[in-house]
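Just one chain is shown here, as structure tokens, and it is the form predicted alone.
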Amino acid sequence: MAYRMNDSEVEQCDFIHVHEDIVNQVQSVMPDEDQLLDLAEFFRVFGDSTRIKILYVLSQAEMCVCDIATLLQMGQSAISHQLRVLKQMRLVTYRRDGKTVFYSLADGHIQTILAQGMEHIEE
């Protein structure tokens, strides 16, 4: 199959031919629309640099809002707002110790996503 190599355009086939076996194979494992929307929403959360910073610091240690705010040189209310978003998306969890609430990553998947993202941008 020949491809056009014009820098101003996306490469396209020179002729239209659908490979039905490949299309059917992929279609059989394609998630439904709601799952794809949820996945897009999940990755949208990673599109904010403040949330990425919070996730990164929590990948290093469990911290309270005061610790995170000090480390990132931001206000506690801004950190609390972002933590609420991260908690709603089940990316962080918390535990109470007396009057202090400590936050941490919800699970190892989040650590893996961050590590793979860093690996990708460092290539």
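Residue indices: 1-based, along the sequence shown. Keep in mind it's a predicted model, so treat the numbers as computed, not measured.
The form predicted in complex with another copy of the chain is left out here; the points below concern that form.
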property: Proximity of Y94 to another copy of the chain in the predicted bound form, heavy atoms at 4.5 Å; result: no
property: Distance check, G47 to another copy of the chain in the predicted bound form, heavy atom within 4.5 Å; result: yes
property: I110 within 4.5 Å of another copy of the chain in the predicted bound form, heavy atoms; result: yes
property: 4.5 angstroms heavy atom contact with another copy of the chain in the predicted bound form for V57; result: yes
property: Members of 21-41 lying within 4.5 angstroms of another copy of the chain, judged by heavy atom, in the predicted bound form; result: I22, V23, V26, Q27, V29, M30, P31, E33, Q35, L36, L37, D38, L39, A40
